[in-house]
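Take a look at this one chain, the form predicted on its own, written out in structure tokens.
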Amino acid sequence: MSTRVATARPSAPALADRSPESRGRQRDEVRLLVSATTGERDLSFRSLPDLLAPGDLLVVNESATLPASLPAVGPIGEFRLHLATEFGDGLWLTEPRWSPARPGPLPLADGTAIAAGGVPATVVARYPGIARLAFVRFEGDVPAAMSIYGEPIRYGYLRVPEPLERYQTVFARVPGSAEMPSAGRPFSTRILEAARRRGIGIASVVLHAGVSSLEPGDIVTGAPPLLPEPYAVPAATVEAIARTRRAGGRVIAVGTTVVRALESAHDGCSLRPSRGFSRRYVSPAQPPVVADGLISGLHAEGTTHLDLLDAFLGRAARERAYAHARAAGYLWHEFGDVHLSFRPARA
């Protein structure tokens, strides 16, 4: 996901520098911030089933996380190559980085020969408008290289590497995400069982998330550059949403990736089964029409994730919620705490 330039710099949030498991907790023991018209509530994520009504529908992302960070070497020496999105015929959109804490752009000219995970490759071209990203064409078996040499993508705020299984959600079924669809991470078998007992439905989409480490400096002028991400919304999910609507229930998207997939499958009049590459940008100017609520992680200032959240809550309400989260010590990023919000008309 890409970024927009922040207009103000609020106090720095607390960062989740390890997974809950590394902190001696279970994945469903993170905190849950609930935003309502009356203010914010501080709860445990285990409270989620009781906060939803019978007949509501959770829509989840079944994308599984790849070990998409490969050791690489080229004329500049050793570096990391983060694989974002595959376009076929060995062509990948990538992010070359010096290290988890040190991004690019790296001095890799078009046509430069490199190797990543032992697979020969060639830098094809920079991504338009974002100098830190590059298209790379491989001449070998990239999945095999990931299985042997790959690691989950991580950034400088994480204290130690975490095993790949900690980057998988309970819904993970279809490998393809460069970075974990992290809003689904706190769900556990017991949460899903409690939701089903309460009469809450579960439907699925797939959206393979690319790299989300874009910086405000990536944007020069105009609208944020959106990275295409593969998605699929099946007929069964379209039908489940239609049934939920007819019965008066609410559709709750588990993650910004789910919102983007659903909006990509909406043709302006109705939701239809669909697949392709999503470039859907959700914001107050282009609000969502499918989901009524959103379960999301806490996102850094300047990211387009906040535009999407503002489309649900309104900017003033979202800023109030984030100010509360910072003051209350909520943890940001993929191993952090979770935020539940609704579009005001459906709260």
Partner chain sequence: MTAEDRRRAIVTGASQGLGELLAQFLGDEHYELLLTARRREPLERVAERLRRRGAAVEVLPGDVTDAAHRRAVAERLGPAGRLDLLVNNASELGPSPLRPLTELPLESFRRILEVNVVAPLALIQELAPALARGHGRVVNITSDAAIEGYAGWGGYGASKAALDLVSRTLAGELRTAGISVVSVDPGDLRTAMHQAAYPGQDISDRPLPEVTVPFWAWLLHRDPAAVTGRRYRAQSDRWEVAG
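Positions refer to the first chain, counted from 1. Computed from a predicted model, the values in this text were never measured in an experiment.
A second form of this protein, the form predicted together with the partner chain, is not displayed here; the remarks below concern that form.
- Among heavy atoms of R46, none comes within 4.5 Å of the partner chain in the model of the complex.
- The closest non-hydrogen atom of R320 lies beyond 4.5 Å of the partner chain in the model of the complex.
- The closest heavy atom approach of R272 to the partner chain in the model of the complex falls within 4.5 Å.
- Among residues of the shown chain, Y167 is not one whose heavy atoms approach the partner chain to within 4.5 Å in the model of the complex.
- The partner is absent here, but in the model of the complex a heavy atom of A125, alone among A247, A125, A113, A101, sits within 4.5 Å of the partner chain.
- Exactly one of the stretches 203-211, 148-156, 263-271, 237-245 approaches the partner chain in the model of the complex with heavy atoms within 4.5 Å, and it is 263-271.
- In the model of the complex, the residues of 128-155 lying within 4.5 Å of the partner chain by at least one heavy atom are, in order, P128, G129, F135, R137.
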